[in-house]
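So here's one chain in two forms, each on its own in structure tokens, numbered structure 1 and structure 2.
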Structure 1
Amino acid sequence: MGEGLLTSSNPSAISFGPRKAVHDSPGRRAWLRFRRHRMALLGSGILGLILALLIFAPWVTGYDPNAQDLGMRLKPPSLQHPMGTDELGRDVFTRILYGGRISLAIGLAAMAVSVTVGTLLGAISGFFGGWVDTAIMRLVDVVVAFPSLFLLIMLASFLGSSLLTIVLVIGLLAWMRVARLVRASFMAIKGHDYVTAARCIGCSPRHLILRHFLPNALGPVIVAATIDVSAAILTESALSYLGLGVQPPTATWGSMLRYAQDQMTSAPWTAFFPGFMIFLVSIAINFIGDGLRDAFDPRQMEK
């Protein structure tokens, strides 16, 4: 009989094996689990809306983010300026949209740097062990031992305040947590029977890492990556506060918070809206990270 033919008298009930395999693929099961995670869907919707506003900022607002109007300085929110104006009469809503482009770009790029470096070093450390593991973990201890703010100031002072420099400085000082998480996951996975079986049939280290170790270590990495995005935005804010971040008149959410500190009581909206955007993006990304962690959890793969 045909491979995919079912024992049914109804012709419409006939199905084929390959088609069923496609529908039951791990990717599709992961997507179905993610779709059932309501908070992850909420986070995706919030982040998608924010990204749409940032991308179409020139059509959403008709103001120039750097245009000054001293006659309109520190005006409260109104129909003309939905989020009010700052100390130079610039539209806060417009600067949030344009500044969000820079802040999110810094957060995502710095996260990519930290996750790439951390995953690479953590994978090498956990997979090979021995003196390699000892050397990498001692490097992690040394970097963690230094005050991060001091290193940020020192590197930013020497390397300058370009966007690339800020991304590299933030990313290269945030990889240690990811390295430790990946190493711990790899050390735990080493003793599993399927890893031993893969070694016995002659699988190469590259195959073992890419097909068996990394997929099972994906959950902690995703969670760390989502945390790193919001942490990078806050770190850029700290650098801006010290005058080492993105230089004016270019707006970022962090620099807007820095310049709003003098108007916290007289014009609280200048600090509230940038801070609220950082909070909103951070919580949305964390929701998405939780959903991705559950979707790619190896313990859920057979469900």
Structure 2
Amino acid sequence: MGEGLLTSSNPSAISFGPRKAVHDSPGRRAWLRFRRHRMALLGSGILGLILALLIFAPWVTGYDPNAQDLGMRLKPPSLQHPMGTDELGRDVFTRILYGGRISLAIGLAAMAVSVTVGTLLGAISGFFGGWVDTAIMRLVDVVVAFPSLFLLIMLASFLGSSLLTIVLVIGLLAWMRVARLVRASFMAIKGHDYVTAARCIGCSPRHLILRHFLPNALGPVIVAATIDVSAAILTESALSYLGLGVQPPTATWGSMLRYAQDQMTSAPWTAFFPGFMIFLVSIAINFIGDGLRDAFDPRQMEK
């Protein structure tokens, strides 16, 4: 971005003391603020640890997530099976790791869909204004006003629940917040002199949007995107719990909960761990989102 240019032309950046390669930039200041947010750091730590476990799952556990061992059904947590075994004798810990890959991948992919659609529609709305803006914003109002779980259930049951449909359906019902944020930030800088100047020297709309408008919206969109990931993971787990998510034998945390339900009184560990993982990931991401919000908030100046 243009930050390097700005700092080098700034006379205060030239110092006569010992040269240290620390230059001030909005990104750096945001990072400094984020670093001070203790819960956000804790969240990053938890999430980092879980991600590492999921990525290196084959080295972390020796079991196959779908290997059944009917002689070892519903065994409580032990040294061999730290989270016990399920109704088919599968290792719950292993299934948590492999299922977590799917749950997180769905969360990230659905976020990518919602952020792409939201940014696109919000940008069109904010940049062009007029009836296009009105039409898009009315659409936002309508989608926002409807309880999304009802639509999700209907869509998942009628369109089937492949990974792709789940991701699309979750993403396409969650783009509204990003659209509103992008539109608002576009509206806010529309009248600024530098935008008018850029227009006057003949910048194309493409250039204007990509170089001047979108960077301005980046902060709030990153925050919303973070929270969207945790919302999408919760939504996917709810759908899978209701039996309308990814189908067996593929495990996700939600579907593990669904099947654990039948024997949860005799084998509570089969129900406890998958839900606890959803909770852990979701709260870690929400803490990170909170830290990012403080970090990107320009009103939150260093005290």
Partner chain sequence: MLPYMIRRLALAVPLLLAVSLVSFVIMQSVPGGPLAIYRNNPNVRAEDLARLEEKLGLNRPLPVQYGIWLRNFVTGDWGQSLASGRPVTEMIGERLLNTFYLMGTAFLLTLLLAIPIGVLSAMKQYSLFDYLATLFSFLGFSVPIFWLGLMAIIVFAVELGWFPAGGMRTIGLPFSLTDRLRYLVLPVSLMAFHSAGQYSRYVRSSMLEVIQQDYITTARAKGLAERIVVLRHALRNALIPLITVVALDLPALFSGTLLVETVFAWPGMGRLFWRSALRFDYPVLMGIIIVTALLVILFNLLADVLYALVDPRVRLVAKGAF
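Structure 1's sequence is the ruler for residue numbers, which start at 1. Fair warning: this is a prediction, and the values are worked out from it, not measured in the lab.
Of the two copies shown, the second one, structure 2, is the form predicted in complex with the partner chain. Of the candidates Thr85, Gly245, Pro274, Ala217, only Gly245 lies at a hinge (point where C-alphas switch from fitting one rigid part better to fitting the other better) between structure 1 and structure 2. Note on conformational change between structure 1 and structure 2: the chain splits into two rigid parts whose relative rotation, smaller against larger from C-alpha fits, is 15 degrees.
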